[in-house]
Ligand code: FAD
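One chain is shown next in structure tokens, namely the form predicted alone.
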Amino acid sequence: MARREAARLLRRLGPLAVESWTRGMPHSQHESANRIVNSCRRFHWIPSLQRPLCGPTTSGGIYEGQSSAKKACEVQKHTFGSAATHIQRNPAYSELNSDDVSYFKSILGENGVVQDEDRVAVANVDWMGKYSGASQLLLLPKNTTEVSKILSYCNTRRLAVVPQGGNTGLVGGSVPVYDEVIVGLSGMDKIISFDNVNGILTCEAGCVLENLSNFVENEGFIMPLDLGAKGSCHIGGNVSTNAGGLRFIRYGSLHGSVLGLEVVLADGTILDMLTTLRKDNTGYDLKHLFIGSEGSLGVVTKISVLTPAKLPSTNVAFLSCNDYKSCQKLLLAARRSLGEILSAFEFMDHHCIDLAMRHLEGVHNPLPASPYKFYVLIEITGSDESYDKTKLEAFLLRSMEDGLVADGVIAQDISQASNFWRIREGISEASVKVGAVYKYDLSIPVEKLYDIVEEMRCRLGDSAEVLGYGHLGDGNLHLNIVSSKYDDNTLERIEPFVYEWTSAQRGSISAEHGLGLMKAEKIHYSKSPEAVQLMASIKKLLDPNSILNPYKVLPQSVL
């Protein structure tokens, strides 16, 4: 009976009309391949699949949620979290004056020093309109030397500085808290070199991730990370926050992919660690101090990164499961059956799907009749289309027979695959459109990962909608709590409970978003006092005047 039901579902997943477009394949050749594949098997190959851009995007440099600095300032009072709202401006910092502006103009020119209120207002606010500062100055250096001169001067004058990339973060790490000088790296966007034998890219920190992805794909490679915000985020910001993203399950963290860095320290010292060597065991590997330090130890200006080869065969499946236990078992089965070709394993609860359908334009539910509680998106990439397809078919058949998968579809063309990914990547965007969203990025053992979602629903009742989704293959939950407006009572029911619960599971309160301003005072939930004190010692050594991204990452009490 189970086999007949699985066979019925497999037939349902059969071939649909296919778009005759494939990156890198002539039109006639692609049509011929379609006929051969569709005549032999039920599922269709999607070569060089590209996911759509969603999340924080940019148009003329203005992010959604940043159009009104005044509105963001009003919201800010209710979104920092209980501890962060009480942080006072450090009186040791100097205030900007006309002599400072004149000096910056002397090294950057008129165009590199922005005082226009509207342009500075945009840089003062994060893309969600959640965190807002009061900086009066935006500096736009064009090279490392200019960054060095800026920091050397600011260190001498004790002017606090906030490095800013694409400003797509979620924890207030890339915008000022008070009147810090903003150093924007968007002008440092050059690709320096690409080794097309070893796949090593060297570029400046201001390069947009999507632009780098397009560049290396034309060379037959891919970037080792992929994010929903790839159309806006900068590679320097990705490195500084140790961004995880959708390919983590396949390629790991940037600690493994980044080969070298160039970093400017607080006193203007240019630290050249821009090696392209795969192996270098001479002394301490200092670059790892700056990967994930959120601009608090130095400003990343150049990066060399190892890029994997682009594989020709990609398939995406959108599946439903009856319960979270089935999602866990499906993950284990995918690791065993798909192994080396598994490139993404994302899960969403039905609340996420409902939200996406209500607030995202141009998307549709691939399983509209499914009353199921959980959904899983699986992507595989490999070098042998026939081999990969056979493995995927066998995996799906076994999963259906075992009752792990209740229903599902496999993308038959680029449009369907884009729709699948648009749903998953658009959840964050959709949640912001509701009005108020409390976002938590947690690492939790997979078997307990969804428990916090259910407990939070019990705590909040009907006062807010609780969403659970994320990178199940990485044990990374995105817990989003959405309501019509920010409310102190709601926040008190969320925090510190969410941090205490995560700590009790020996999890991390920041899986990939960083600590920023939002969680700087909460670091003790994930790190021991000894570890935090050692971090503070490193901060004091590299930035004794504490001018780099102040109030972020570490508690003020240890600095």
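Note that this is a predicted model, so its numbers are computed, not measured. Numbers for residues come from their place in the sequence shown, where the first is 1.
Although it is not shown, the form predicted in complex with the ligand is what the next lines describe.
When the ligand is superposed onto this form from its pose in the predicted bound form, none of its atoms comes within 2.4 Å of a backbone or C-beta atom, and the site is therefore classed as open. From the list 386-394, 330-338, 104-112, 236-244, the contact stretch for the ligand in the predicted bound form under a 4.5 Å heavy atom rule is 236-244. The shortest heavy atom separation between His471 and the ligand in the predicted bound form is within 4.5 Å.
Although the partner is absent here, Pro224 lies well away from the ligand in the predicted bound form, with no heavy atom inside 4.5 Å.
Taking non-hydrogen atoms only, Glu146 never approaches the ligand to within 4.5 angstroms in the predicted bound form.
A residue is said to contact a partner when one of its heavy atoms sits within 4.5 Å of a partner heavy atom; Lys522 fails this definition for the ligand in the predicted bound form, lying far away. Taking the partner from elsewhere, every residue among Trp127, Gly169 and Ser428 has a non-hydrogen atom within 4.5 angstroms of the ligand in the predicted bound form. Proximity to the ligand in the predicted bound form, defined as a heavy atom within 4.5 Å, singles out one entry of Gly382, Gly133, Pro141, Gly298, which is Gly298. For the options Leu185, Leu467, Leu151, Val405, the residue carrying a heavy atom within 4.5 angstroms of the ligand in the predicted bound form is Leu185. Of the residues in 162-176, those that come within 4.5 Å of the ligand in the predicted bound form through at least one heavy atom are, in sequence order, Val162, Pro163, Gln164, Gly165, Gly166, Asn167, Thr168, Gly169, Leu170, Gly173, Ser174.
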